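First, one chain by itself: the form predicted on its own, in structure tokens.
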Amino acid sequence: MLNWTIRSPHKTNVKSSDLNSLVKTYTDTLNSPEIGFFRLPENRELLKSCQDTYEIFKKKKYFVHIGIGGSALGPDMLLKALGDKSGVEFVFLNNIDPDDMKRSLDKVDLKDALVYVVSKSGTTAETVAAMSIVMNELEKCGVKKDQYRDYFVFCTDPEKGDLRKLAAEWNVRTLDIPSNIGGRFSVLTPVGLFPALFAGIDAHDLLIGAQDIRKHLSDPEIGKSFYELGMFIKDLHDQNVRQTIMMPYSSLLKEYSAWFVQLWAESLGKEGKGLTPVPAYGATDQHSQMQLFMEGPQDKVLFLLEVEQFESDFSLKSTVDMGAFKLLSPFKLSQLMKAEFEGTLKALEENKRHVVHLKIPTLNEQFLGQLILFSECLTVLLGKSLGVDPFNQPGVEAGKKYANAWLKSNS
């Protein structure tokens, strides 16, 4: 089971009445029919739709994923953490940089590709742009619109939107993003589950893992330490600790940090409130950002994520009888990672830094599912404690409005 421990000199002083009020507000949110992410672990219908569609396209050699923000960061996180088992070549078209678009498409034989377009509204400009480019490239390959059903799958709103209309017109298969789930909370929907299947990831175990931790993230008695963690971070926020460092000690979880950044920033950064998320990963960032984390301003809370058991390992035995070679020779690579994690944790404690020690037994589908739901629930808990809506993004919408205005004025 995912475990979390607060390592900090700060002692949170919370009135029981304030805690009880927060627990009620938070649990009411989880149980609201308007908010659906917390019930995803027990929803097998969405997974079944993914499996049925996968069976139709499973011989494809390339998987082109078109989406941006939550429509891409979650799937990318799953694939980088657990994928690379199937031989399918994945390409993410998740930005509108023309040079990167060219390099990405040059890797793909579109005649042997499945193009997965993910947009709940079907109107996301970046997604529409990438889809238009792929359609033009398919046309160059001789693929006509009446053949699109063999190349495209859409992931979108169950009932409305432009992709839903196009799917009906082109006879393209669709997968649903439930209407009560926003993009950054959607990784355990077909947004992430469908590409996971192509990567050889056990999507069922992802859901089982998330289901296993649900009581620890909601029940007031079983989840007492979870609420204490939320109040600890809220209390630090009120004392101007306004940055959150997410630092897994695993290269395979580097994209988890990127996914967490969107989840945390877009959910909590409103009305002058929030904790700016900073992605990092160990041990690499011990040689860059850690200097700032260790001795810079005391305005950060650090999440250090430990993987206790790695799937692979290497001996560090060496015939060089000097210095670091001799020191490391009796050990394995995983033991060096452990030593660096423990050394950093100890040094941070001595420097009176605010640390949350996260720990998973190993990196697999079950424990990544737990980590995903934990991150989402902690985000909602902090949103409720800060008094902001963790499910909207007015600042993002404002930028879209002005971008559209520019396009119209220059058309």
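Residue numbers here begin at 1 and follow the sequence given. Please read all numbers here as calculations on a predicted model, not as lab measurements.
The next section is about a form of this same protein that is not shown, the form predicted in complex with a small molecule.
Trainee: Examine residue 50 and determine whether its closest non-hydrogen atom to the small molecule in the predicted complex is within 4.5 angstroms.
Mentor: Answer no; every heavy atom of residue 50 is more than 4.5 Å from the small molecule in the predicted complex.
Trainee: Would residue 285 count as a contact of the small molecule in the predicted complex, using a 4.5 angstroms cut-off between non-hydrogen atoms?
Mentor: Looking in the predicted complex, residue contacts with the small molecule do not include residue 285, since no heavy atom lies within 4.5 Å.
Trainee: Quick one: is residue 262 in contact with the small molecule in the predicted complex, heavy atoms, 4.5 Å cut-off?
Mentor: Judged by the heavy-atom cut-off of 4.5 Å, residue 262 is in contact with the small molecule in the predicted complex.
Trainee: Answer yes if any heavy atom of residue 266 is within 4.5 Å of a heavy atom of the small molecule in the predicted complex; otherwise answer no.
Mentor: Residue 266: yes, in contact with the small molecule in the predicted complex.
Trainee: With the partner left out here, if you bring back the small molecule in the predicted complex, are 68, 71 and 124 all within 4.5 Å of it by some heavy atom?
Mentor: All of them do, each having a heavy atom within 4.5 Å of the partner.
Trainee: I need the one stretch from 303 to 311, 76 to 84, 333 to 341, 181 to 189 whose residues put non-hydrogen atoms within 4.5 angstroms of the small molecule in the predicted complex.
Mentor: Heavy atoms within 4.5 Å of the small molecule in the predicted complex occur in 181 to 189.
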